[in-house]
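The chain below stands alone, shown as structure tokens; this is the form predicted on its own.
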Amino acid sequence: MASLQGYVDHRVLLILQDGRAIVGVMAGYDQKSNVVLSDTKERVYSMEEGVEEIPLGLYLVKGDQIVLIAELDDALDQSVDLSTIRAEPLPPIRY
């Protein structure tokens, strides 16, 4: 992956190979692109119940499991009512 330094101390969204969406503050990373997140929550999408956020706390994600890393705009993210969003969960990536 390209340099992750610009994401340190920022709120990010990670999409993982198994389809999970993880949101947290990037605390650090290493040469293998393993990522440490603090104040982490998993967002679980559903067509029936909206988005559920499951608190995970301090979380380590292996670099080979990360599909996407995106910086989140805190103000915009907090202004969205996640309970009103209906979406199918992302399917896992299959090789």
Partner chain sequence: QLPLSLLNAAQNKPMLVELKNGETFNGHLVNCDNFMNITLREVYQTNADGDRFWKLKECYIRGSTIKYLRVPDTLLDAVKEEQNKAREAGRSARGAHVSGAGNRGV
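No experiment lies behind these values; they were computed from the predicted model shown. Numbering follows the first chain given and starts at 1.
Keep in mind that the form predicted in complex with the partner chain is not shown, yet the notes after this line are about it.
Although the partner is absent here, residue 9 sits close enough that one of its heavy atoms falls within 4.5 Å of the partner chain in the model of the complex. Although the partner is absent here, residue 38 sits close enough that one of its heavy atoms falls within 4.5 Å of the partner chain in the model of the complex. In the model of the complex, the partner chain sits beyond 4.5 Å of every heavy atom of residue 51. In the model of the complex, the partner chain sits beyond 4.5 Å of every heavy atom of residue 46. Along 6 to 26, these residues reach a heavy atom to within 4.5 Å of the partner chain in the model of the complex: 9, 18, 20.
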